[in-house]
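Each of the two blocks below gives one form of the same protein chain as structure tokens; they are labelled structure 1 and structure 2.
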Structure 1
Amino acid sequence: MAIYDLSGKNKYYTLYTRIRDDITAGRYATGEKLPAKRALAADLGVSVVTVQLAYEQLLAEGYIFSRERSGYYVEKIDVCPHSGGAPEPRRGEQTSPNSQYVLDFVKGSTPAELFPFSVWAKLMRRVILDCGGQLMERVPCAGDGVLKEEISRYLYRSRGITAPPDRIVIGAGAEYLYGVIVQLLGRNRLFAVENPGYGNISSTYMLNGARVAPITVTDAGISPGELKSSGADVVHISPAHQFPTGVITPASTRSQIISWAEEAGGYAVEDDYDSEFRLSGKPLHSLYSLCPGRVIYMNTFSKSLAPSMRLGYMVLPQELMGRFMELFSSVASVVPLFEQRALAEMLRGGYFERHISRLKSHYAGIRRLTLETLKSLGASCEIFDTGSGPHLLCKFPQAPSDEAIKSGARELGVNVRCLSDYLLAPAAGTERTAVINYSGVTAEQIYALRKKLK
């Protein structure tokens, strides 16, 4: 492998683009093994985490594949000798090397037919008529006051969270807000992240110049002991439903995290990414409600409406809200007022909650069909499902490896990833476990898979 120049700030992304471009240019043969992470990190003078993140991005986009206990290998890619390399990936976009899957348990986008197009069109027309020329005005840095009022009311109705509108910040999606958090807290902070976890979280923090420390996720959420010993002073967690393990953080662990934050003078970022889709029982008590002074609560509308709707929000402690205004008061909001007002109308008129109710009914049906299909596999499959969001785990104890699970799924026309694909650092207990993300799946696709299994 070539020795790449990674002297710039975004080392992980630079390494990813260099390897990707070499693969698409045909400089690596199909099936060629990439260097081991530690060996490449030593050769390039970077951390193992940097190489791991680059390989994860390549794996996610289908440029390479993994073999358990063996390493990473180059996928078969059609080479275009006259191209200048592959196009830059969009943040957060999950792509697949094969569009002919019968069933995709990775993509995770809500089926387009479930989006309330007619309602959204009606609300946009209403906003144009009611607001007129006001839509051309500059939007304050923290977002439109009308939308913040409606989000405040919605959080109280749906989650029991008391969030004053003047402590809410509107942003262009989760990754944008992660970057704002780094600027608020400082790049000198060490950010603890869940391991296994959603790779975009750690990679975005690193792209913004912060350091990250992976903390093992156990059956009781992240390890408080490991968090304390890590030296981190910020932790990013999803206590209501961790991705990809599905673990719900119990009250005892939550209290220990709060105690750690208060003692260390640190902060917890509560990422409530799919809290609307708890399919059994009531919504869980938020970490923010336990300690508003040490918790940054955040959520987006990507899961509930569409990934293309780059609109999210966070609720800041009073101290950090003051810091935000110091840093950003001269900057306009990055989200157009038109979209903010339309969403405000959706929340105000009850349209959003009716949409969520329909989605939950849809997911409940898909979950039932998915569980029935997995249970038909018999003892070869052990299911872990908390009913807290549109994904679950399926362990195959007799499978020879994670790659064998994914390869067998591909033969059936199914795209799936394993827990090991989301590791930032080695962690025990993640072997032979598939992540079944059914949020982008239809009943017809599940029935098509059942026919293949007969």
Structure 2
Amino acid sequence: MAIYDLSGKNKYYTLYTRIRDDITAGRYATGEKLPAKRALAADLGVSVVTVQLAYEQLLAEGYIFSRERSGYYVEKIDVCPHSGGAPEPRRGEQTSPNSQYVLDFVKGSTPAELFPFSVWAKLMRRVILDCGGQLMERVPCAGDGVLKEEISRYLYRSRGITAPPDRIVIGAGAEYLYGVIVQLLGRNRLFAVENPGYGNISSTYMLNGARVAPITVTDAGISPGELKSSGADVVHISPAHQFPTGVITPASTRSQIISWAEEAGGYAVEDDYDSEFRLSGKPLHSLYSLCPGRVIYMNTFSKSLAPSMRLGYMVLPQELMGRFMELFSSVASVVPLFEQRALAEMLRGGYFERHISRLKSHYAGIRRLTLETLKSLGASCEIFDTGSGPHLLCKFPQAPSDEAIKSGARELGVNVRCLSDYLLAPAAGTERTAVINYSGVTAEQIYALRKKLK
């Protein structure tokens, strides 16, 4: 029986990926019996529920089959081109706050003092007292009309995107919207996701009953060849700035993705999660603008305002908007009207863009300090930074392993993850590379680290 390390969150998912990869890599024989649930749970020190969920997922995806009163057995599986070894567990971006670190390059939350609390309190008060009776009505399923109007205008001036308000859907954050996309497109669809990538994307699609296929992210974005041969119906990408690689998808790949979508009748979900934070030059042209009939554009206010706000939106192609209204018209929007109206006021009054520009100068300063500090390490590290978004990559070619990078950082009081922590399936060239997300660190913290490094 294989020994799996299931530390960290999402144990069942980790176990599922480990067993799946063992099966696809041929480490289990066809017809081999899997360990009994209780025995495996005891061996791994996890609950039986964890093992059961992992087995259910494997069963649902056809990796194993069950025989009544006997157990679970491995199906005959052709070895998949994306799999071949046991990858590190993929993890979400968030961790619980951990005071043991001087510097946290994993957690991505904006420093609290940058949030415009007094503006927000003022707008919220005004909305509650002024809008009166409207607050007692259910908000239409696609969201409040006033906010959709303001988002439409904002998208035009900030991203050059023409999105009519009646094609916008407001939702309670990114994961909520991923679930709506599954409901819109159907659970029988195969969702292609970026590898390495943000783990909550694939786990949320799976939680909603869809299947996912990891596609390698190269220097030129997601591989169109792999996408084509995967048989996927939908591809979820962040062409402006991929997490965690930082890759900006070039025009040639973009047009190949659009061609794929048009030929296959598929859709691309453009997750534009941090495009506001391009620190040099204007934000990049959107994929949506290339082909509004085949692209679902999506963004949230979690990065730009506060993770606890839970407000995101998507722009749907006309056909999908019709489907959305059919399915959801009798259901109320899940976002409180108070929040929607206060945010509309924030966009209308220019407060939001002023806030973004303050955040950008803050990040520019932190980025400069971070780069200086990394460069002071000399030849031992190579920096990959595209000037987009608040994260960059740092390769340590001489480090013995990814684990050594993380434990070395830990000794300095620094929390960091490696590219391999974000792998859904093995991918070449991802070793010895730290992901430096500096959106949650302060200048003081970096100065404190510098002292230690001297």
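Basically, rigid core = biggest C-alpha set you can superpose within 1.5 Å across the two forms. All residue numbers here refer to structure 1's sequence, counted from 1. Here the structure is a predicted model, which means the values were calculated and not measured.
Both panels show the same chain in isolation, but it is structure 1 that comes from the form predicted on its own. With the core held fixed, residue 441 shows a CA shift below 2 Å between structure 1 and structure 2. Core-superposed comparison between structure 1 and structure 2: the CA of residue 36 exceeds or equals a 2 Å shift.
Taking 2 Å as the criterion, residue 410 does not count as shifted between structure 1 and structure 2: its C-alpha moves by less than this amount when the rigid core is aligned.
Taking the core as reference, the C-alpha deviation of residue 54 between structure 1 and structure 2 is 7.7 Å.
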